[in-house]
Structures are given as C-alpha cells and as structure tokens.
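The chain below stands alone, shown as structure tokens; this is the form predicted on its own.
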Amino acid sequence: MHVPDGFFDAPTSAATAVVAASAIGTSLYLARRRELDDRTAPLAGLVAAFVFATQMLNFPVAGGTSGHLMGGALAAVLVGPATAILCLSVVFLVQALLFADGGITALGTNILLMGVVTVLVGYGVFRVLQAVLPKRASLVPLLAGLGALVSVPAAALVFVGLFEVGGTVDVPLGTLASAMLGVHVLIGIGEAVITAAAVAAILKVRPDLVHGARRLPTATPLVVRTSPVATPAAPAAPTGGEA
C-alpha cells in the first residue's frame, strides 16, 4: 500500500501530511506520559526493526499481486498505540528516504494509512474484544490477530476515500473499492497470522513486555507446600562415671 508520488493531488497530500504530523506530535506526548518506560523503550526499537525487516518480505496474494506486513496492530499490542505510531513513522521515513519505497510527497499519506489507521483500528478492535471476552493472557495473540485482520481492509478503505477526493487518475469508485478490499482482505489474513505468532512468541517468554497483556493474569501463582521440620532430639546424657 506504499503510495508513490503523484497518486494524489497537492491539497490532499498536504492535508494528509498535516494529519500525520499532528498524530506524531500527539503520540510523542502520550508515549512519554503513559507508555515509555525502562521496559518499553528498548522493545520499541526492536519492534521498529522487526516491522522494517518484515515489510521487505512479500507474500503472494491472488491475481499476481503480493502483500507484506503493515505492523500497526502488532506494534500497538506490544508497545502501546502512541509508541507504535512513532515506530511506524520512523520506518516509513527511512523507507521513503533511503529505499524509495513510497514517495517523499506521499510520506504523510503513507504514515496516515499504514501508521495511524492500522494502529488505531487494530488496537481499537483488540481492546473492544478484550473488554467483552474473558480477561486471559492466552487470548491476547488471537485478539491481536483479529485486530490486525480488520486494520488492513480499514486502511484500504481510507485509501479509497482519499483517492476519491484527490486522486489524479479517473477510476470508478466501485471498481477501486472492490479491487482494494479484495486484495487487502487476503493481505489482512497474512497480517493476522504473523501478528498472532509474533505476540504469542513474546508472550510466552516475557509477558511483562507485552503492553496489551499487562494487568492480566499470566500464570497460576506457584504454591510451595512446606512440611514441618522435625527438631533433632537432644543427645542423651552420659550414664557412667570415669574409672
């Protein structure tokens, strides 16, 4: 879904840049106040590196197209939504400047679509499901996967709306919407599998690092049964005198 230069007109690109910049500024404030601590800060760097690396790997989708991990729901569940937006914004900035993956003038659009919409929708779905389902840490990977599944088509729909407003090519809205949704629902399935697997792997070894699993019971408390220790008997007093 990396949007190249020239896909949207200048007013639309400028508007998405303003929205993206506002989201980044708000995320900086919220991340410092609510999310970043001694545990989250190192993990945020690892999340950004993981998303950057996995976005370089494409998996085949129908019709000769391919997809890759967007990482919004995954990052949000691991480090929190505000920190996730910051992580993904750095990823898209590096991709645009060093790898020409997404246009420079479309950087705001790409951050909005893949770094804001996927985070907010994916984490929103995750939290809603977490609120209505049993509070079990074992459900976190599944709920994260479902959030990822919904977030990808949601970003595709926002792209369709933006293209209808400021697209530079005359494409019927119905045709564009059906094509984008058809492909991105399939991409969302792959995103869900990767997200659930990654969250499950981290949750298994370090549940305290998973933002979406904090304040949830992660294991049955260990009960150590102790038995009374017998007091050794005092030595018997000698019964005879010296000769």
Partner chain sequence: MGAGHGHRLHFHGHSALHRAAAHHKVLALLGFMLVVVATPRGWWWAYLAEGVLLGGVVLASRVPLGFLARRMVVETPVLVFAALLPLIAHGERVDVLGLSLSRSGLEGAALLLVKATFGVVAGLTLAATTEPQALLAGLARLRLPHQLVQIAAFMVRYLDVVTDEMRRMRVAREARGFTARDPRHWGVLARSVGALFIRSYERGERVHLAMLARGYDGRIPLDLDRPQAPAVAPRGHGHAHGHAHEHAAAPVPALLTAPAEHA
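Everything numeric here is computed off the predicted structure, so don't read it as measured data. Residue numbers count along the first chain shown, from 1.
The same protein has a further form, the form predicted together with its partner chain, not shown here; the description that follows concerns it.
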property	result
Heavy atom within 4.5 Å of its partner chain in the model of the complex - residue from A144, V152, V119, L78	L78
Any non-hydrogen atom of L98 within 4.5 angstroms of its partner chain in the model of the complex	yes
Partner proximity in the model of the complex: R39 to its partner chain, non-hydrogen atom cutoff 4.5 Å	yes
Contact of M114 with its partner chain in the model of the complex (heavy atom, 4.5 Å)	no
Any non-hydrogen atom of V169 within 4.5 angstroms of its partner chain in the model of the complex	yes
